[in-house]
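Next up: a single chain in structure tokens, the form predicted on its own.
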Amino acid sequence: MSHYIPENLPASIQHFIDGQFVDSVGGETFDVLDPVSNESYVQAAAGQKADIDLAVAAAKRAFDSGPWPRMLPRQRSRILHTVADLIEARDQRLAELETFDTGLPITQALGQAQRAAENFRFFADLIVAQSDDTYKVPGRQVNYVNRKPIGVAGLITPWNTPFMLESWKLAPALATGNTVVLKPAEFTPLSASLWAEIFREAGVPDGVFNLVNGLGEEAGDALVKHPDVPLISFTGESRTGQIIFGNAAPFLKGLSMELGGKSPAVVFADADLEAALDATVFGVFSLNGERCTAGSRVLVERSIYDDFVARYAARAKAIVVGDPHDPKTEVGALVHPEHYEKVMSYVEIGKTEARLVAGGGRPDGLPTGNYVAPTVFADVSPDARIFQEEIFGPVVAITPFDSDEEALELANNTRYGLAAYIWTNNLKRAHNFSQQVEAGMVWLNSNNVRDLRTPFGGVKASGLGHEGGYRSIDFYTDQQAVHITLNEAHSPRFGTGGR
């Protein structure tokens, strides 16, 4: 199979600090691999504490004395709409680079680029339309809420849909008047480097956006521990989230963390089975299965279980796995050989724990690259590792249940609680089950269709806090209560000797 390489790849990937592309202070670099060949195609600057210090200092100067936090919301809104325009104008190039860097199928990468533009449009509109609370005590007092940007926001993003997830944090952080230091995932720094030219062309002042590439243990750690960074927004795995939580605690930083998931998709016998099949197959195999909200545990009522498993396995076997740049491809290459080895180790574990009904190894005709055949395990016990642990690849566990109570017990029987998908035409069951399932987000008779106004986040080991809509505005601003007295305050008179 020929290996597609985009034109005009950069000779190196640098940091972007205070309006300039720069190398690491100490000259450190790391290799970046493409997932189809697993060969290094570029070296990226590897940020250290010294580079984070420079980026934070630039962001703090831009916040303390620059125009960005002091602009009227409409002024910032216009610039952010221009950012969205520029993303849309570059969507083909963005998708091409994202696919090359991540192994995501090109059609799905294009959709993510377009969603990134929509994220900026949404928050550009929201800050202009935003209203805040006012409370009146007639004749006595008026109380109102004044929102203020907080300062330098540290944004740490993952490698699964990097550009879109970066936009998810950048848009509200910048819309509310903060300045930022972005630390993208080390596996996928390529598309992040495009933010610099987009923001510069849109008119974002120097120092407002800063980018430091590097490893989490080096650049990410320095960002979390920096005393001049009061906010950290992190998306990634739960163990890393725990480390960030501990490192941020001495500084009492604001934290928003969207972590891992092992989300259930619960299919009752009265569901529209064709629709449920479409959604549950898409829900775990789209984005190569590398998605936090993947419905990677499919729980099926026993009366339809055998038929559902057979049809699910047939669909999985027919999924097109191949070159991520081919528009026909439905599952591409996993992001990195380290991650490929992790996913394949879970496939081998699954073979000892459950019944393999599809996949289970490397697809035919793809001897190199990080390709995993869409893999389906049936009859998975709730104490199995493939039921309990996040695999983050094209691997699904299917388990039967006999009653609503058992379905709920199975759905809640992991440490995670990010998303849940429920398939039933029984209205009472749908509402009762959705309210009892331990998940931050629930979709009824639907795959993961996101409304940007709603809160995004999880419970248990899946996260801390919520973003999306006004929840993002809440996170990236301080809410200051201002109280105005309209008549005499009538304060008790201490220290007057009773006079």
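For every residue, the number given is its place in the sequence shown, counted from 1. All of these numbers come straight from a predicted model, not from anything done at the bench.
There is also a form predicted together with nicotinamide-adenine-dinucleotide (NAD); it is not shown, and the following applies to it.
Between 295-303, 90-98, 134-142, 252-260, the stretch whose residues reach within 4.5 angstroms of nicotinamide-adenine-dinucleotide (NAD) in the predicted complex through a non-hydrogen atom is 252-260. For the marked spot (158, 165 and 216), a heavy atom within 4.5 Å of nicotinamide-adenine-dinucleotide (NAD) in the predicted complex is present in each of the three residues. Heavy atoms of residue 177 never reach within 4.5 Å of nicotinamide-adenine-dinucleotide (NAD) in the predicted complex, leaving it off the interface.
Residue contact with nicotinamide-adenine-dinucleotide (NAD) in the predicted complex: residue 108 places no heavy atom within 4.5 Å of it. In the predicted complex, nicotinamide-adenine-dinucleotide (NAD) sits within 4.5 Å of a heavy atom belonging to residue 224.
Using a 4.5 angstroms limit between non-hydrogen atoms, residue 172 is distant from nicotinamide-adenine-dinucleotide (NAD) in the predicted complex.
Proximity to nicotinamide-adenine-dinucleotide (NAD) in the predicted complex, defined as a heavy atom within 4.5 Å, holds among 77, 414, 329, 240 only for 240. Checking 398, 153, 244, 211 against nicotinamide-adenine-dinucleotide (NAD) in the predicted complex, a heavy atom within 4.5 Å turns up for just one residue: 244. The partner is not shown here, but in the predicted complex the stretch 415-448 reaches within 4.5 angstroms of nicotinamide-adenine-dinucleotide (NAD) through a heavy atom at 418 alone.
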